[in-house]
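This document opens with one chain alone, in C-alpha coordinates, the form predicted on its own.
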(Lines give C-alpha, C1' and ligand atoms only; values in the text may rest on other atoms or scores of the structure.)
Protein backbone atom coordinates (compact mmCIF):
# COMPACT_ATOMS: atom_id res chain seq x y z
CA UNK A 1 0.00 0.00 0.00
CA UNK A 2 1.35 3.40 -0.97
CA UNK A 3 1.18 5.74 2.03
CA UNK A 4 1.24 8.79 -0.23
CA UNK A 5 -2.22 7.86 -1.52
CA UNK A 6 -3.87 8.18 1.89
CA UNK A 7 -3.99 11.15 4.26
CA UNK A 8 -1.43 11.40 7.03
CA UNK A 9 -4.12 10.81 9.67
CA UNK A 10 -4.51 7.16 8.67
CA UNK A 11 -0.80 6.33 8.85
CA UNK A 12 0.23 5.28 12.39
CA UNK A 13 -3.06 6.78 13.54
CA UNK A 14 -3.70 7.82 17.13
CA UNK A 15 -7.30 6.81 17.79
CA UNK A 16 -9.89 8.53 19.93
CA UNK A 17 -10.97 6.44 22.92
CA UNK A 18 -14.37 5.52 21.45
CA UNK A 19 -12.70 3.59 18.60
CA UNK A 20 -10.43 1.59 20.92
CA UNK A 21 -12.61 -1.47 21.32
CA UNK A 22 -11.11 -4.49 23.07
CA UNK A 23 -12.56 -7.55 24.78
CA UNK A 24 -14.27 -5.50 27.50
CA UNK A 25 -17.95 -4.63 27.47
CA UNK A 26 -17.06 -1.12 28.63
CA UNK A 27 -15.06 -0.40 25.48
CA UNK A 28 -17.90 -1.66 23.27
CA UNK A 29 -20.48 0.46 25.09
CA UNK A 30 -18.23 3.47 24.60
CA UNK A 31 -18.22 2.82 20.84
CA UNK A 32 -21.98 2.38 20.74
CA UNK A 33 -22.53 5.60 22.67
CA UNK A 34 -20.45 7.45 20.09
CA UNK A 35 -22.35 5.85 17.18
CA UNK A 36 -25.86 6.23 18.61
CA UNK A 37 -25.90 8.98 21.26
CA UNK A 38 -23.10 11.42 20.43
CA UNK A 39 -23.67 11.17 16.68
CA UNK A 40 -26.09 9.95 14.03
CA UNK A 41 -23.45 7.64 12.53
CA UNK A 42 -25.31 4.37 13.19
CA UNK A 43 -28.92 5.48 12.58
CA UNK A 44 -27.95 7.32 9.39
CA UNK A 45 -26.05 4.27 8.12
CA UNK A 46 -28.89 1.90 9.02
CA UNK A 47 -31.44 4.11 7.26
CA UNK A 48 -29.31 4.21 4.12
CA UNK A 49 -28.61 0.48 4.26
CA UNK A 50 -32.27 -0.40 4.79
CA UNK A 51 -33.23 1.51 1.65
CA UNK A 52 -30.28 0.07 -0.23
CA UNK A 53 -31.03 -3.55 0.71
CA UNK A 54 -34.52 -3.34 -0.74
CA UNK A 55 -32.82 -2.49 -4.04
CA UNK A 56 -30.31 -5.33 -3.66
CA UNK A 57 -32.78 -8.15 -3.04
CA UNK A 58 -32.85 -8.89 -6.77
CA UNK A 59 -29.09 -9.60 -6.60
CA UNK A 60 -29.47 -12.32 -4.00
CA UNK A 61 -29.32 -16.00 -4.91
CA UNK A 62 -29.01 -19.24 -2.98
CA UNK A 63 -25.36 -18.54 -2.30
CA UNK A 64 -26.02 -15.07 -0.83
CA UNK A 65 -24.23 -11.83 -1.59
CA UNK A 66 -20.61 -10.82 -1.28
CA UNK A 67 -19.84 -7.25 -0.21
CA UNK A 68 -16.89 -4.85 -0.26
CA UNK A 69 -16.84 -2.46 2.72
CA UNK A 70 -14.20 0.07 1.71
CA UNK A 71 -12.91 2.35 4.44
CA UNK A 72 -14.41 0.05 7.05
CA UNK A 73 -12.70 1.65 10.06
CA UNK A 74 -13.04 -0.52 13.18
CA UNK A 75 -15.57 -2.66 11.27
CA UNK A 76 -18.82 -1.55 12.90
CA UNK A 77 -20.34 -1.09 9.43
CA UNK A 78 -19.16 -4.57 8.42
CA UNK A 79 -20.78 -5.97 11.57
CA UNK A 80 -24.12 -4.38 10.69
CA UNK A 81 -23.82 -5.70 7.14
CA UNK A 82 -22.98 -9.18 8.43
CA UNK A 83 -26.23 -9.32 10.40
CA UNK A 84 -28.20 -9.33 7.13
CA UNK A 85 -28.96 -12.94 6.27
CA UNK A 86 -28.82 -12.22 2.51
CA UNK A 87 -25.11 -11.37 2.87
CA UNK A 88 -22.75 -14.32 2.79
CA UNK A 89 -19.35 -12.63 3.08
CA UNK A 90 -17.82 -9.18 3.57
CA UNK A 91 -14.37 -7.93 2.64
CA UNK A 92 -13.60 -5.06 5.03
CA UNK A 93 -10.81 -2.89 3.60
CA UNK A 94 -9.20 -0.19 5.75
CA UNK A 95 -5.95 1.84 5.41
CA UNK A 96 -5.46 2.46 9.15
CA UNK A 97 -3.64 -0.42 10.81
CA UNK A 98 -4.68 0.95 14.20
CA UNK A 99 -8.37 0.70 13.26
CA UNK A 100 -7.90 -2.77 11.79
CA UNK A 101 -6.49 -4.00 15.11
CA UNK A 102 -9.81 -3.29 16.80
CA UNK A 103 -11.96 -4.87 14.10
CA UNK A 104 -11.92 -8.45 15.50
CA UNK A 105 -13.13 -7.20 18.89
CA UNK A 106 -15.97 -5.19 17.32
CA UNK A 107 -17.09 -8.21 15.30
CA UNK A 108 -16.99 -10.40 18.39
CA UNK A 109 -19.11 -7.95 20.40
CA UNK A 110 -21.66 -7.90 17.55
CA UNK A 111 -21.61 -11.72 17.66
CA UNK A 112 -20.65 -12.07 14.00
CA UNK A 113 -19.84 -15.68 13.03
CA UNK A 114 -16.12 -16.31 12.61
CA UNK A 115 -15.07 -16.16 8.96
CA UNK A 116 -17.99 -14.07 7.69
CA UNK A 117 -15.87 -10.89 7.56
CA UNK A 118 -12.35 -10.76 6.12
CA UNK A 119 -10.28 -7.78 7.32
CA UNK A 120 -7.80 -6.43 4.76
CA UNK A 121 -5.37 -3.54 4.68
CA UNK A 122 -5.86 -1.37 1.62
CA UNK A 123 -6.81 2.08 0.36
CA UNK A 124 -8.87 3.73 -2.36
CA UNK A 125 -6.48 2.74 -5.15
CA UNK A 126 -4.82 -0.34 -3.72
CA UNK A 127 -6.99 -3.21 -2.51
CA UNK A 128 -7.14 -6.85 -3.56
CA UNK A 129 -10.39 -8.79 -3.44
CA UNK A 130 -10.22 -12.43 -4.60
CA UNK A 131 -13.71 -12.49 -6.15
CA UNK A 132 -16.49 -10.35 -7.55
CA UNK A 133 -18.78 -8.53 -5.15
CA UNK A 134 -22.51 -7.93 -5.48
CA UNK A 135 -22.23 -4.47 -4.01
CA UNK A 136 -19.75 -2.06 -2.46
CA UNK A 137 -20.22 0.20 0.57
CA UNK A 138 -18.31 3.39 1.36
CA UNK A 139 -19.45 4.79 4.70
CA UNK A 140 -17.98 8.18 5.69
CA UNK A 141 -14.95 7.44 3.55
CA UNK A 142 -15.32 8.99 0.08
CA UNK A 143 -14.83 12.55 1.35
CA UNK A 144 -11.31 11.44 2.39
CA UNK A 145 -10.47 10.40 -1.19
CA UNK A 146 -8.28 12.92 -3.00
CA UNK A 147 -9.71 14.18 -6.29
CA UNK A 148 -6.83 12.72 -8.28
CA UNK A 149 -7.66 9.22 -7.04
CA UNK A 150 -11.46 9.30 -7.44
CA UNK A 151 -11.44 7.90 -10.99
CA UNK A 152 -9.03 5.11 -9.99
CA UNK A 153 -11.26 4.25 -7.04
CA UNK A 154 -14.40 3.83 -9.12
CA UNK A 155 -12.52 2.01 -11.87
CA UNK A 156 -11.30 -0.56 -9.34
CA UNK A 157 -14.74 -0.97 -7.80
CA UNK A 158 -16.40 -1.42 -11.18
CA UNK A 159 -13.76 -4.03 -12.12
CA UNK A 160 -14.86 -6.32 -9.27
CA UNK A 161 -18.56 -5.42 -9.23
CA UNK A 162 -20.80 -8.23 -10.50
CA UNK A 163 -23.27 -7.47 -13.31
CA UNK A 164 -26.11 -5.39 -11.90
CA UNK A 165 -24.05 -4.60 -8.81
CA UNK A 166 -24.61 -1.37 -6.89
CA UNK A 167 -22.59 1.03 -4.74
CA UNK A 168 -23.84 2.56 -1.49
CA UNK A 169 -22.21 5.80 -0.40
CA UNK A 170 -23.35 6.59 3.15
CA UNK A 171 -22.78 9.16 5.93
CA UNK A 172 -21.45 11.73 3.48
CA UNK A 173 -21.82 15.47 3.05
CA UNK A 174 -21.80 18.04 0.29
CA UNK A 175 -21.73 21.82 0.60
CA UNK A 176 -23.31 24.82 -1.08
CA UNK A 177 -22.32 28.47 -1.57
CA UNK A 178 -22.99 29.28 2.09
CA UNK A 179 -20.07 27.08 3.09
CA UNK A 180 -17.72 29.06 0.83
CA UNK A 181 -19.13 32.29 2.25
CA UNK A 182 -18.38 31.09 5.78
CA UNK A 183 -14.88 30.03 4.72
CA UNK A 184 -14.37 33.47 3.12
CA UNK A 185 -15.30 35.19 6.40
CA UNK A 186 -12.90 32.88 8.21
CA UNK A 187 -10.15 33.83 5.76
CA UNK A 188 -10.75 37.52 6.44
CA UNK A 189 -10.75 36.93 10.19
CA UNK A 190 -7.39 35.12 10.01
CA UNK A 191 -5.93 37.34 7.29
CA UNK A 192 -2.85 38.39 9.33
CA UNK A 193 -1.77 34.73 9.52
CA UNK A 194 -3.26 33.62 6.19
CA UNK A 195 -0.05 31.81 5.22
CA UNK A 196 -0.70 29.36 8.05
CA UNK A 197 -4.15 28.41 6.73
CA UNK A 198 -4.50 25.24 4.64
CA UNK A 199 -6.94 26.97 2.28
CA UNK A 200 -6.36 30.02 0.10
CA UNK A 201 -8.62 32.74 -1.22
CA UNK A 202 -8.25 31.18 -4.69
CA UNK A 203 -9.57 27.84 -3.36
CA UNK A 204 -11.64 28.21 -0.21
CA UNK A 205 -12.62 24.54 -0.37
CA UNK A 206 -9.13 23.08 -0.45
CA UNK A 207 -9.08 19.60 1.16
CA UNK A 208 -7.69 19.45 4.66
CA UNK A 209 -4.17 17.98 4.23
CA UNK A 210 -4.09 16.04 7.52
CA UNK A 211 -7.15 13.85 6.96
CA UNK A 212 -7.93 14.58 3.31
CA UNK A 213 -11.45 15.81 4.03
CA UNK A 214 -13.05 17.37 0.95
CA UNK A 215 -15.94 19.83 0.78
CA UNK A 216 -17.40 19.06 -2.63
CA UNK A 217 -20.60 20.55 -4.02
CA UNK A 218 -23.44 18.37 -5.24
CA UNK A 219 -22.65 19.34 -8.84
CA UNK A 220 -19.03 18.28 -8.36
CA UNK A 221 -20.10 14.93 -6.93
CA UNK A 222 -22.52 14.30 -9.77
CA UNK A 223 -19.82 15.19 -12.28
CA UNK A 224 -17.44 12.65 -10.70
CA UNK A 225 -20.11 9.95 -10.77
CA UNK A 226 -21.15 10.68 -14.36
CA UNK A 227 -17.54 10.82 -15.54
CA UNK A 228 -17.09 7.32 -14.18
CA UNK A 229 -20.20 5.94 -15.87
CA UNK A 230 -22.33 5.90 -12.72
CA UNK A 231 -25.88 7.13 -12.25
CA UNK A 232 -26.53 8.44 -8.74
CA UNK A 233 -29.69 8.75 -6.67
CA UNK A 234 -28.96 11.13 -3.78
CA UNK A 235 -31.07 11.20 -0.61
CA UNK A 236 -30.78 13.94 2.02
CA UNK A 237 -30.85 13.22 5.77
CA UNK A 238 -32.66 15.43 8.24
CA UNK A 239 -30.34 16.98 10.80
CA UNK A 240 -26.60 16.81 11.37
CA UNK A 241 -24.30 13.81 11.37
CA UNK A 242 -22.91 14.94 14.73
CA UNK A 243 -25.37 15.68 17.53
CA UNK A 244 -23.06 17.83 19.65
CA UNK A 245 -24.11 21.46 19.94
CA UNK A 246 -21.96 23.63 17.70
CA UNK A 247 -22.49 27.20 16.53
CA UNK A 248 -24.81 27.55 13.54
CA UNK A 249 -22.12 29.11 11.39
CA UNK A 250 -20.01 25.95 11.65
CA UNK A 251 -22.81 23.96 10.03
CA UNK A 252 -23.56 26.59 7.42
CA UNK A 253 -23.84 25.14 3.94
CA UNK A 254 -23.65 21.44 4.91
CA UNK A 255 -26.00 18.77 3.53
CA UNK A 256 -25.76 15.18 4.80
CA UNK A 257 -26.70 12.50 2.30
CA UNK A 258 -26.44 8.93 1.12
CA UNK A 259 -26.32 7.85 -2.50
CA UNK A 260 -27.08 4.70 -4.48
CA UNK A 261 -24.88 4.37 -7.55
CA UNK A 262 -25.34 2.05 -10.51
CA UNK A 263 -23.77 1.72 -13.92
CA UNK A 264 -25.32 3.85 -16.64
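It should be emphasised that the depicted structure is a prediction, and the values quoted were computed from it without experimental measurement. Numbering follows the first chain given and starts at 1.
Another form exists, predicted in complex with a small molecule; not displayed. Remarks below refer to it.
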Study note, to complete from the structure: Interface check vs the small molecule in the predicted complex: of 102, 109, 183, 144, the one with a heavy atom inside 4.5 Å is 144
**Study point:** Proximity to the small molecule in the predicted complex, single hit among 152, 120, 160, 140 (heavy atom within 4.5 Å)
**Key:** 140
Check your understanding: Should residue 5 be classed as touching the small molecule in the predicted complex when contacts are defined as heavy atoms within 4.5 Å?
Key -> yes
Review point. Going by a heavy atom distance of 4.5 Å, is residue 73 a contact of the small molecule in the predicted complex?
Key: yes
Check your understanding: Can you check whether residue 10 is within 4.5 Å of the small molecule in the predicted complex, heavy atom basis?
Key -> yes
Practice item. May I ask you to check whether residue 134 falls inside a 4.5 Å heavy atom distance of the small molecule in the predicted complex? Key: no
Revision key, fill the gap. Testing 73-81, 189-197, 110-118, 161-169 against the small molecule in the predicted complex with a 4.5 Å heavy atom criterion leaves exactly one stretch, namely 73-81
